[in-house]
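For reference, the chain that follows is the form predicted alone, supplied as structure tokens.
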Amino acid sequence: MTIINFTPISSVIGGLLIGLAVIIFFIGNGRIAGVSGITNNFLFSKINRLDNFLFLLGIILGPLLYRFFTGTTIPFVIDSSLILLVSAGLLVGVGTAIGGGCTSGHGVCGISRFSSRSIVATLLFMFAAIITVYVKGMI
């Protein structure tokens, strides 16, 4: 079975919706829609806790509602161990704390504000991802 991943129309629509959501979040809250920052603030700060919770809830409910209303499923398989997944999640959390944000904060919000720090961070994210895929393909 061959899965075709070239979906330019739905990709453009998805990108526009993400951009619109970021603009609405910024106008409504005056804050950047970086998922790691919002998660960190939700877990460790009492400021904007309800807003942060609703944002995270929307990230979880969005795909579930899409699946419910369209009946469409996106096939994916998680074939790694639970220990590996938890370790990877913790490393990502530490990395986003060290980097001052994640791909959504730097890549979507930072680049759109022409932040040189975000442009460098996003290039590093992409470089690390390319190397990871290359190394994983060799194993």
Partner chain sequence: MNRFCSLFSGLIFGLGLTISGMTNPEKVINFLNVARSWDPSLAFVMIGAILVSAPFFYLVKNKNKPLFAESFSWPTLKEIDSKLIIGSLLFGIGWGLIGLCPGPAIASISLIHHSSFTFILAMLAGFSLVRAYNLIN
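Residue numbers count along the first chain shown, from 1. For clarity, every value in this text was computed on a predicted model and none was experimentally measured. Here, rigid core means the biggest group of C-alpha atoms that superpose within 1.5 Å across both forms.
There is another form of the same protein, the form predicted together with its partner chain; it is not shown, and what comes next is about it.
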Checklist entry - Is residue 63 close to its partner chain in the predicted complex, meaning a heavy atom pair under 4.5 Å apart or at it? => result yes
Next on the checklist: Test of understanding: in the predicted complex, would residue 28 fall inside 4.5 Å of its partner chain by heavy atoms?
Outcome noted: yes
Checklist entry - With the partner left out of view, is residue 71 within 4.5 angstroms of its partner chain in the predicted complex by any non-hydrogen atom? => result no
Checklist entry - Which of the residues spanning 31 to 46 lie within 4.5 Å of its partner chain in the predicted complex, based on heavy atoms? => result 31, 32, 33, 35, 36, 39, 40, 43, 44
Item to check | residue 74: Cα shift of 2 Å or greater between the shown form and the other one (core-aligned) | outcome: yes
